[in-house]
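The chain below stands alone and is given in structure tokens; this is the form predicted on its own.
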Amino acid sequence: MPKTVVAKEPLFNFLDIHVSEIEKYSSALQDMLFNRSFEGMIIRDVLPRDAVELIVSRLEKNEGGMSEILDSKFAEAIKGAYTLGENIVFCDSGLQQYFNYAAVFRQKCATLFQGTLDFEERMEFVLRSLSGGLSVKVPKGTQGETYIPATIRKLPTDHEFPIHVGNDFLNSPQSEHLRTIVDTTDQLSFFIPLVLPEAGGELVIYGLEWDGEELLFDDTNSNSGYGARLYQQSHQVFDHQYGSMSFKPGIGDMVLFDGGRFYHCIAPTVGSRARMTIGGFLSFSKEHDAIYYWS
């Protein structure tokens, strides 16, 4: 008699909707962050395909000079991946260069999207719709300096983004000012693929929650540092101990997930095309009357 195979319950509950449906999910951000009704969403066609093609073409030709604000600290830490626009995770605690890059990025990003749609307006529409109409803002520093709304991340062939968790960042010196304006209980991560590799490059989320302490990795067989958490070594351990799920959205689709609580990574890319995304983070204000998003 054949053995009955019992299907394993999905580790995470992700909603999969089209952007035209988002107003039906007017409490989605509250449900994810506070009620924990689900862990993530894939929102299809947030950026139209023809808009993405034009944006990628401009990036490849360096129209507008976006490559002039390449984040060298990020590239050094991750050993291959890089961002256009400085990512706050690796910036100096004083934030001055970060603010300088952020102001330039916002200008160049407007040029990059010119003739398609306004990126910040699009993000604010999506986040406002998913939070019951709350105000959506890019944070400002104590002197009125602007944070960066997103960064463009490029992951070359055979590269990965190592296992990490978002809430760990909220304890860092770079987030001292953010802690005065956002609810540090949790943050969400978001990204939109602009280019996908032939294979690999999936978002992998593990069933391990951040507990307020830095997770130590065994780096005895690799170089020390942030980029040393090699996928082939660490994924097997994490998947065996905690379980995992993989997600691979399409070009122009927005992934919004609880990257603050759950450890996650990007699997190694395969093929000649680099993986390219635009994205960042978001949290509620301390009073829960607004949404802040940044990168």
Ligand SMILES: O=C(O)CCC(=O)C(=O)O
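The structure displayed is predicted, hence computed values, not measured ones. Note that residue numbering follows the sequence shown and begins at 1.
What follows is about the form predicted in complex with the ligand, which we do not show.
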Which of 186-194, 95-103, 205-213, 118-126 lines the interface with the ligand in the predicted complex (heavy atom within 4.5 Å): 186-194
Contacting member of Arg58, His235, His264, Arg261, with respect to the ligand in the predicted complex [4.5 Å, heavy atom]: His264
All of Tyr147, Phe169 and Tyr292 with a heavy atom within 4.5 Å of the ligand in the predicted complex: no
4.5 Å heavy atom contact, Phe161 and the ligand in the predicted complex: yes
The ligand contact in the predicted complex: Thr277, any heavy atom under 4.5 Å: yes
